[in-house]
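Starting off, we have a lone chain in the form predicted on its own, written out as structure tokens.
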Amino acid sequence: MNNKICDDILAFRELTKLKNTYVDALPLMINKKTGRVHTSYAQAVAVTGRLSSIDPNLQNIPVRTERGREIRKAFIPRSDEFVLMSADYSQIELRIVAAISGDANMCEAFKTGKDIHTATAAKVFNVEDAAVTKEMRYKAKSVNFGIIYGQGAFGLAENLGISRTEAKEIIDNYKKQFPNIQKYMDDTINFAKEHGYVETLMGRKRWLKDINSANFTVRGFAERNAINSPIQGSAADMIKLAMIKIHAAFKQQQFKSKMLLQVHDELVFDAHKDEIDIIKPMILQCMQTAMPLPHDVPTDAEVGTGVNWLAAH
């Protein structure tokens, strides 16, 4: 029986965290000279190679819950002459999975512009795209993201609230339909065991000292990192290359607009209202051409603007 007090406790916990971490803390971090909040980026903290934001960490501003999203409304442009612009890579990690593995079915789905989760569901459940239900798509989405994080039948069953038998069947079907993804996973683990590292598409290495450990749990963790690091690491390389291209373009044109934040697969800009139409296609072009993917898998990005961060995203 679900007692109402459980919901109240969870709501209280969420509100307390939002209040303590953001509502109370962020205003105290406003710089007295500039009247703005300034984060610091660390280059060498995240093992995947992503930038890491500290004091305050602006990469963990909530976006998943309705109450959490309200915090994003507090982030506004510098004046009435500006708006916030958010440019976001679309499903970049899955595109990189398709490109690295060279899986024909997955590459084809991206090349033809299909919704990847619908295309996956159609293959896994052996139905036409049009017959894919919301539930099927949701299950396929879980497998798409779960598989690259080394999730097995037990994890998928927990995640979706289904039996382990059904979860195993879904994973087995997935591996049949996308055989090269399993091959990528096996090949990458074998490479790591032999060489002690894995690398991104740009050749940046991540060393894995526990890949040959006798301890099953420790080795399993290293194997999951071996599969995931080239994917997350390549996404990190791509957005950094995009940032370099955008910065150079902005500098050359002497724009009033500024690049403000990098949050995972998203870039946030303080965009001058007169420059929106010029910088929008420029940002998209820089992001989409920053690092061409193998097997001609296309890179996609989206741009939005708004009076605050929530409206822009």
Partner chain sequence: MQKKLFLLDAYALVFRAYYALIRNPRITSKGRNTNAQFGFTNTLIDLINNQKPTHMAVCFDTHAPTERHTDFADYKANRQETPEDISSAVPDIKRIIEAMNIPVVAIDGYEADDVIGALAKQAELSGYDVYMVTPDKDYGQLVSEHIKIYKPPYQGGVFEILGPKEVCEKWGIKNVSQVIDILGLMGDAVDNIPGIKGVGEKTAAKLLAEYETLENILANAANIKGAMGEKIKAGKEDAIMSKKLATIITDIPAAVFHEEDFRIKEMNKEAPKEVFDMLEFRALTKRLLGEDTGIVDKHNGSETAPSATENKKATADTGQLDLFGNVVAAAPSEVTTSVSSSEESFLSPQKNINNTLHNYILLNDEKAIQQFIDIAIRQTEICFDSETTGLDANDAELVGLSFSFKEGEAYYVPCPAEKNACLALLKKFQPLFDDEAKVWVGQNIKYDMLMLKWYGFELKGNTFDTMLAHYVIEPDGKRSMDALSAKYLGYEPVHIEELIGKKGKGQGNMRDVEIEKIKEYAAEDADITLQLKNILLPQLKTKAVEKVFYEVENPLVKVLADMEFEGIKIDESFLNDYSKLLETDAKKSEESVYEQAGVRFNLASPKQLGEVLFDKLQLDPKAKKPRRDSMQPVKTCWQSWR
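Keep in mind it's a predicted model, so treat the numbers as computed, not measured. Residue numbers count along the first chain shown, from 1.
The discussion below concerns the form predicted together with its partner chain, not included here.
When contacts are defined as a non-hydrogen atom within 4.5 Å, all of Thr34, Thr48 and Gln262 contact its partner chain in the model of the complex.
Listed residues Ile71, Ile116, Val83, Met185 were compared with its partner chain in the model of the complex; Ile71 is the one with a heavy atom within 4.5 Å.
Taking a 4.5 Å heavy atom cutoff to its partner chain in the model of the complex, the contact residue among Ala249, Val63, Ile30, Ile278 is Ile30. Taking the partner from the other structure, its partner chain in the model of the complex has no heavy atom within 4.5 Å of any heavy atom of Phe125. Using a 4.5 angstroms limit between non-hydrogen atoms, Asn144 is distant from its partner chain in the model of the complex. Contact check for Thr112: every heavy atom lies farther than 4.5 Å from its partner chain in the model of the complex. Contact check for Ala130: every heavy atom lies farther than 4.5 Å from its partner chain in the model of the complex. Stretch-level contact check against its partner chain in the model of the complex with heavy atoms at 4.5 Å: of 170 to 178, 72 to 80, 94 to 102, 185 to 193, the positive one is 72 to 80.
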